[in-house]
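Consider the single chain below, provided in structure tokens and representing the form predicted alone.
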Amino acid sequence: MDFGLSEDQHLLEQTVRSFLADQVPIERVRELRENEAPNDRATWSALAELGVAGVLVPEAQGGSELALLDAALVSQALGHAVTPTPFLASAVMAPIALASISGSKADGWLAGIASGELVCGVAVTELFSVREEAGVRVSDGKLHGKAMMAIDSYGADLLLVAIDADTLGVVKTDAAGLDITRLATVDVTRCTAEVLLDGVTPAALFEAAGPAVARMLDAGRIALAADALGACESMVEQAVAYAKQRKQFDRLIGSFQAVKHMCAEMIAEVEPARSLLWYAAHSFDAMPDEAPLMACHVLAHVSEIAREIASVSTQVHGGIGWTDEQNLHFWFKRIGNARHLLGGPELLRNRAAELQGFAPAA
């Protein structure tokens, strides 16, 4: 079987990468990291005009209604350019959940997401990992509690809050009783937040949304793996380029066998991971029963190889690779944050074992 990207998918990938190289170079990323919220709305609006924000939104609400593989290609391009955007939460996870909900409210939110006018964060960490006794509960129709590591939530307009595996709450960020604090993480390109809810009245509360919540998690994990893989590609490219111009003992360091092996091994890790990513993203739409397992496998695997690639690429650069003047640390930290954002490799592999019946369900 010959599995590859279509002409339209190649064009989508090239268009996004070209835009990012022109409009959001690393110098612009350096500027954005100084902002209170690095998710620049002007950049996001421009990406929305390219169809990025609505890639998974139904056509009826102004989106493109493409497949998750298309979204993964966009996510990979964003990771390659280490671009600060709310793509993971607002363009991938939120549309998957909201598209399963009928009603004018959901349609309006989806239309806003597709146009780029509405940015949506998601708070789902407590579904798979509870920290500091966090968790959100419903009492008398109001939300109480705390959600940690809420993705793309600082500076967002709307939040999707997973109460449990079967309940999803939608909260406007200007709601009374809601407090959102940006968390200081190693990755300055993501607006991860702590969300406190003290008697917050949700804009909507949906019971029995279990399949939608689970699908949202699967899509997020696949898209996050794509982002990390894109970061890996960039780090390999930068290491190879540096090895071709840096000299030691009047020789290019790329001519040393040890450096050649380091670069070759990084490339050898990236290529099969790309195939795994494509298969996982394809399975989400074509083989939905297989998607939960593939989502766990691809994020766990990419997280593992990405950590190694980040380290080796930095070593190729030598001492300068660890400095702020050399831009490599942006990708290094993005990879480090992605490793834990929707579950670390150990948690994901345990979940995969549960899905296959090799371990008891937690």
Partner chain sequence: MDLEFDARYEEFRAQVRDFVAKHRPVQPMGLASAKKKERVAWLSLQIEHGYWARTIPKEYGGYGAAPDLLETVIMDEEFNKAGIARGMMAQGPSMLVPTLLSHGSDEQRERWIGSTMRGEVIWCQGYSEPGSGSDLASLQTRATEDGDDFVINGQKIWTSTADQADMCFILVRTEPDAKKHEGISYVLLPMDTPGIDVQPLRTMSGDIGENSFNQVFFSDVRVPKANVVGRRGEGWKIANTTLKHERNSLNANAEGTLIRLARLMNDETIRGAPAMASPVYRDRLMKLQARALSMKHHGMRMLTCSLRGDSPGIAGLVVKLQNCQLNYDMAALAIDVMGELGVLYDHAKYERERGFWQAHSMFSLGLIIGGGTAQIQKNIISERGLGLPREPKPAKA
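Residue numbers count along the first chain shown, from 1. Quick caveat, the model's predicted, so the values are computed rather than measured.
Just so it is clear, the following notes concern the form predicted in complex with its partner chain, a form of the same protein that is not shown.
Stretch 239-247 is the answer when you ask which of 239-247, 155-163, 78-86, 127-135 has residues with heavy atoms within 4.5 Å of its partner chain in the predicted complex. Using a 4.5 angstroms limit between non-hydrogen atoms, residue 350 touches its partner chain in the predicted complex. Interface residue remark: residue 182 is not counted as part of the site for its partner chain in the predicted complex, having no heavy atom within 4.5 Å. Residue 101 falls outside the set of residues with a heavy atom inside 4.5 Å of its partner chain in the predicted complex. Although the partner is absent here, residue 272 sits close enough that one of its heavy atoms falls within 4.5 Å of its partner chain in the predicted complex. Although its partner chain is not shown here, in the predicted complex the stretch 67-95 places heavy atoms of just one residue, 69, within 4.5 Å of it.
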